[in-house]
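As structure tokens, one chain now follows by itself in the form predicted on its own.
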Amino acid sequence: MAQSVTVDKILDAAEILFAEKGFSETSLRMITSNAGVNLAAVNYHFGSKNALIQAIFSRFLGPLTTLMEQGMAEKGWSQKDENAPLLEDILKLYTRSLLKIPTSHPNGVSVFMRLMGLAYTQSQGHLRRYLEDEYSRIFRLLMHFVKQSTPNLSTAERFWRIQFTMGSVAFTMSSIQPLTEILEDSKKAQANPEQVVNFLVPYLLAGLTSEPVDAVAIN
């Protein structure tokens, strides 16, 4: 039990610091200071900073993968099916699964989405390899469904639309608290994460399913 508590303290402190300052800018000493443990504890439980970063992502992506797999199984989705699930249902499953991830603090999902953004923008080759090895199967299946549902898009345009979609989700989920506060202050309206997701899904769906860009006309 004591070991589990120590591990949780380290992970809790590390995920916040990494999200606020970045991977390179956050030292192990900063993490241990915030966690209230000694440096030897990080080395004992994780072995290295890279392994600690990977453990943080596993902490989120493990439950997310399980939630999505359960959702797909309940809906009977399979790669062997000739007909893809509706894109709207795919987007709902992904965004609503994000909201269900168990976290150690109220803004845990926002922290995770900031970390996902950093995984792309900061040089973390080990992390991308780790994510590819551990979690690519479920996301490749989702991409397969998206491809089935958008046969009119070129490979390049589909790729970029998926990136735009993921970027919109990451920004919205990572900023959901301050954006909600802005809405409540300026418009005297209220919104909760579930409502935000309900607004987000139709927006994403429109972007993925709009008419292909005519590259010849643009040139």
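For every residue, the number given is its place in the sequence shown, counted from 1. Because the structure is a prediction, the values reported are computed rather than measured.
From this point on, the text means the form predicted together with the DNA, which you will not see here.
At 4.5 Å between heavy atoms, only one of the stretches 164-172, 35-43, 59-67, 149-157 reaches the DNA in the predicted bound form; which one is it?
Single hit among the candidates: 35-43.
4.5 Å heavy atom contact, residue 26 and the DNA in the predicted bound form
Within the cut-off, so yes.
6, 30 and 48 - do all three of these have some heavy atom no more than 4.5 Å from the DNA in the predicted bound form?
Yes, because 6, 30 and 48 each have a heavy atom that approaches the DNA to within 4.5 Å in the predicted bound form.
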